[in-house]
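The chain that follows stands alone, in the form predicted on its own, written as structure tokens.
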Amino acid sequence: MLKIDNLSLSLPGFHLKNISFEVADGEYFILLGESGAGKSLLLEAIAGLNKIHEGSIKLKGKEISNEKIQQREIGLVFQDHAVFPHLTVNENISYPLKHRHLTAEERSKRIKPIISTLQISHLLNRRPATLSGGELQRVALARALVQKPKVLLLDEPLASIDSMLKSDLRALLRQINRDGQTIIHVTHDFDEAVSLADRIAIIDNGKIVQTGTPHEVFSNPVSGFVAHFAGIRNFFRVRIERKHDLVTAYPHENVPITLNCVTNSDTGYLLIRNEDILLSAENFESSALNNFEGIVEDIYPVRNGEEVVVNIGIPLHAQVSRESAEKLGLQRGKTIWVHFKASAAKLITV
């Protein structure tokens, strides 16, 4: 277990303040926050690149705050990969083993399963300049994993990856974690966090403002910042059914939501933006495949109109203009119809 207790660190113009959290063995823990929130600075402090001013960092019960970087048993993968351009892929991966007094056979034995998992065996004689962003990220991962770190730190690992390749790399990171590797992953991407994390810590202006599972954090935000950062109120754990090329998500057994996607997963998270939900006094024919009758549970003003909470078996948050709210005569207890397109319901598989 990694335990961070009241960690504080000051640099010109920025401070990390009283950071505390724990990461269990084998956990996938994500630090989520906007650019400049202090995520990378915290990661570098754990790795030993920045000296903390107060607090402690303990790994497996051992205080490592004053340990040298090489002795912390922590691997770090930078956002820009930081591979050596003059070395081959094989030499880059082997580099951390250079001073460990291992024979060539021992080095090869340690490297072989890692490059197999990361599917880069065919790249060993290539140089970094000839590799794609996704390939460079895999090389950087291999170089970190070959050290057998107790904790692997990832700084925005998908930020420079083409969107077409992100799902493959996410699947690879999940597999590395399932194989037993403890991971702390920094990102500003909401979807990335939800699809990977066992637990999430939201960091804002150098402070952790909420920690919990993805469902706990985004279903029950403790502050306006967390709710704003998520950008969404309709966030549900769902069971998925597939029948005749139709994908249906069930946040509740009596609430089937039609999706416009292809998936092999049986579970996931469903996200529906407030502004993609239409309200009407009566049901009507439209291109929207999801139509539900519900009861208005709450209505309150927001910046661009009114937020309306409608219970359709689950609470759905919709955003309407003040003019629309008045025209519909919205009030608590009123029966109303909810409509949204299949494409508006976004599935994040886990």
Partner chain sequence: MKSFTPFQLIVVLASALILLFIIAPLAGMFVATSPADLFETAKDIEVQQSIKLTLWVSLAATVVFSVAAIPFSYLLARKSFPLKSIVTGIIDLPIVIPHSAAGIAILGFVSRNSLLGKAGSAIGLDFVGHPAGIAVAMAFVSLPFLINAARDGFSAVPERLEKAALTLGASPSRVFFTIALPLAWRNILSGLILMFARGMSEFGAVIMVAYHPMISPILIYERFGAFGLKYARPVSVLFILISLAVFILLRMLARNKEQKPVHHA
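Not measured: the values here are computed from a predicted model. Residue numbers count along the first chain shown, from 1.
What comes next is about the form predicted in complex with its partner chain, which does not appear here.
Just to confirm, H99 within 4.5 Å of its partner chain in the predicted bound form by heavy atoms? Residue-level check for H99: yes, a contact with its partner chain.
Is A144 close enough to its partner chain in the predicted bound form to count, meaning some heavy atom within 4.5 Å? It does: once its partner chain is placed as it appears in the predicted bound form, A144 has a heavy atom within 4.5 Å of it.
Quick one: does H86 come within 4.5 Å of its partner chain in the predicted bound form, counting heavy atoms only? Judged by the heavy-atom cut-off of 4.5 Å, H86 is in contact with its partner chain in the predicted bound form.
Using heavy atoms and a 4.5 Å limit, would one call I74 a contact residue for its partner chain in the predicted bound form? Looking in the predicted bound form, residue contacts with its partner chain include I74, since a heavy atom lies within 4.5 Å.
Name the stretch: of 310-318, 64-72, 291-299, 31-39, exactly one has residues whose heavy atoms fall within 4.5 Å of its partner chain in the predicted bound form. One stretch meets the cut-off, namely 64-72.
Has each of F78, A82 and R127 got a heavy atom lying within 4.5 angstroms of its partner chain in the predicted bound form? All of them do, each having a heavy atom within 4.5 Å of the partner.
Tell me, out of E27, E44, E306, E54, which residue has a non-hydrogen atom within 4.5 angstroms of its partner chain in the predicted bound form. None of the other options qualify; the answer is E44.
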